[in-house]
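Form predicted on its own, single chain, as structure tokens, below.
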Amino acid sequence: MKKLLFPTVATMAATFTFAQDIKLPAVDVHQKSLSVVEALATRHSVRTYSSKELSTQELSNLCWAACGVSRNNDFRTSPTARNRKEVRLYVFTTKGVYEYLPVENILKESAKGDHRKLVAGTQGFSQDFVLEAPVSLVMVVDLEKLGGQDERSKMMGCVDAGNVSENINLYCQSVGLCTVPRATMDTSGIRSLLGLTDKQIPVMNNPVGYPK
């Protein structure tokens, strides 16, 4: 019996770990989309969304467009200061919160359950239209990767988060999704939920969905 017990426990543990994380399919770089010029010309902010969920393929494409691996496992689709890659992308869904790991191409579970309310805002000011979007992407700047907490580092981190957000805006416009860049969110609540340090700052977010 003892010989059977250990493989069974190991198998259960492996299954549990797999269930926590989402292995994303390879990005579809040949999907039908508008040109960059067309996306720039038609891009607009949207604050009403369909309840239709995004598929894992759509999540893979979206996260890759935001800050995925572009080449050689060392470069990203969004530029960062000195290639420090300090912007961490968190995906808030109806089922859980996940950190996007670009090299591994997985969504690593950070919290179970629906925490989109934290992205909508605080009790004093909340934009509840965010709850209509099935997904919200939150950009967290990790100042440790920039080498300090001085004003220059914070400024560059915010610039890089803006680069990621603009990638999301243009990608959504090009493939028929909709979004709006936002700074409003419950920063303290998100810090607590994700276990962030004082050097890891939630800066921007983009709710994403289909047009209503």
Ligand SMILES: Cc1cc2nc3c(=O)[nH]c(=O)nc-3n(C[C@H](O)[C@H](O)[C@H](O)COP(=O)(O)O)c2cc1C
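The first residue of the shown sequence is 1; numbering continues from there. Just so you know, these numbers come straight off a predicted model, no measurement behind them.
Same protein, other form: the form predicted together with the named molecule, not shown, and the subject of what follows.
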(request) From the candidate stretches 26-34, 66-74, 45-53, 149-157, select the single one in contact with the named molecule in the predicted bound form, where contact means a heavy atom within 4.5 Å. (result) 45-53
(request) State the residue from S110, N105, T94, Q127 whose non-hydrogen atoms include one within 4.5 Å of the named molecule in the predicted bound form. (result) Q127
(request) Let me know the one among L59, L143, L177, V180 whose heavy atoms come within 4.5 Å of the named molecule in the predicted bound form, would you? (result) V180
(request) Considering only heavy atoms, tell me if M204 and the named molecule come within 4.5 Å of each other in the predicted bound form. (result) yes
(message) I'd like to know if T184 sits close to the named molecule in the predicted bound form, meaning any non-hydrogen atom pair within 4.5 angstroms.
(response) yes
(request) At a 4.5 angstroms cut-off on non-hydrogen atoms, which residues of 78-96 are near the named molecule in the predicted bound form? List them in order. (result) none
